[in-house]
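Shown next as structure tokens: one chain only, the form predicted on its own.
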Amino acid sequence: MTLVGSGAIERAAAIGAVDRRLFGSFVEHMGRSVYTGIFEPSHPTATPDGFRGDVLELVRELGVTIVRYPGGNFVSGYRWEDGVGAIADRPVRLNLAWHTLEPNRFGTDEFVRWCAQAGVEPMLAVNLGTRGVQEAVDLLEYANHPSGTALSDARIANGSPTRHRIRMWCLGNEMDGHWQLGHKTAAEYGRLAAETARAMRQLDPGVELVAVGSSGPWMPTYVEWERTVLRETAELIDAISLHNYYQEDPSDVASFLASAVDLDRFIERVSEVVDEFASARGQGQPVKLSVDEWNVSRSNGAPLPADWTVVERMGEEAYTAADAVVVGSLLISLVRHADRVASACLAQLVNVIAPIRAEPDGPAWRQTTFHPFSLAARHARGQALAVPITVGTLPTAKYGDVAPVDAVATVDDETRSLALFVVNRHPTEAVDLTLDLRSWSEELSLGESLVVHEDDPQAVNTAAEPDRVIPRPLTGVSLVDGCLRLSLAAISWSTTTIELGRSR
């Protein structure tokens, strides 16, 4: 049976401007994310700095705009000083977060140089687990002060004469989690984050600061953690973080496909708490949200390595076509909340639960999840537009009855283009969807329509078959008399562009 749905795309349904930082990612010293991921001096494609050139090409194609570093759980035990200076003099340390050895051959300066070559903005996290205010300020001085002090001059001596000008900083990572080194109560963390924020702003008033929010809506401290932290920090920070990962239960595929419903609720609940403080304090601009860890993950709770070795394969998941559809649906949620979400980071970038895989001395390739992200990063520009759709309901065990089709659009008046992103998350039924565009005053012409879908939703991309799952032309698309018609296969994510011509 094919379901029938209808809706409308209207300029009047504007939500807010899509921040380019919405298409961020994340690199942590975990598994092979750094070593043999983005950094492999012996690789045939390596740059003079030791960065994998094939991975750099894919990162640019992916369209990532900002990358968060160096963690993640790793940062809560990290001494940033270990990762600067002459590589031969850098100490090898125990990486307690992931039970491996950290050689510190890649650190802050290398990361900033890698970002410049990848064309992305760097986003740094400071250690508020085992360290505190002074260490955070020292790192900021090292990175951003021009010269004339011990730390800024050390950066210059280390080969970076120009200051790094890092704008966005995370005040720790997942401090609500018992797994985190230096885990704190909300009150303890809120006070430390506030003092760190004050000190960092004394040094560099232009920094943008992100406080730690809940590690997930499943946390027992969820919402109360946010309230307590905001009580201390609301006037000192720019954003509060949200983290969540979604796993498939083979016995409940419908709920997995509807994971974006949970992300919607997470964003909206934290937004309510933020608004409580904005209203009570008369703040004109409420704190934004930074969804700086999100993804589909199949390795949650995987055991740590038994031995202390430098590089261990961890979280190297082969993503399926169904995973790509869910990632696409989560991107729809993020764009739909453009008025609240200032940044977001797909975790992670290379090898570890990542859209890019790379083998040591070997090839790099695009995972299935690469494709919806790259298409959204390319086309989701300008203003986000709500796209209400009527199409019945799909029962799920986790989220109750949900809409089987979800969509969002963006309009970019600079490029004169409209982009639609739509997911059919029904496990078995196709949908014929009609969208009314007759309210647009411009002449409209159909552009490109691409779909991520496979008859086998468990299909994956591998080194041997890197293009098994790719975006393909969406058939059955038409734009006639102001009505856009699309035929959406079950478990599919698609994007369609429409060019805006002269006013009619």
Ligand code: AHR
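In case it trips you up, residue 1 is the first one in the sequence shown, and so on. Only a predicted model underlies this, so the values are computations on that prediction, with no experimental measurement involved.
Form predicted together with the ligand: not shown, discussed below.
The ligand in the predicted complex is not approached by S255, whose heavy atoms all lie more than 4.5 angstroms from it. At least one heavy atom of W98 is located within 4.5 Å of the ligand in the predicted complex. Taking non-hydrogen atoms only, Q348 approaches the ligand to within 4.5 angstroms in the predicted complex. Although the partner is absent from this view, I353 contacts the ligand in the predicted complex, with a non-hydrogen atom inside 4.5 angstroms.
Using a 4.5 angstroms heavy atom cutoff to the ligand in the predicted complex, all of N73, E174 and Y245 count as contacting. Judged by heavy atoms within 4.5 Å of the ligand in the predicted complex, the contact stretch among the candidates 125 to 133, 174 to 182, 354 to 362, 85 to 93 is 174 to 182.
Residue M30 is the only one of L62, M30, V451, V67 with a heavy atom lying within 4.5 Å of the ligand in the predicted complex.
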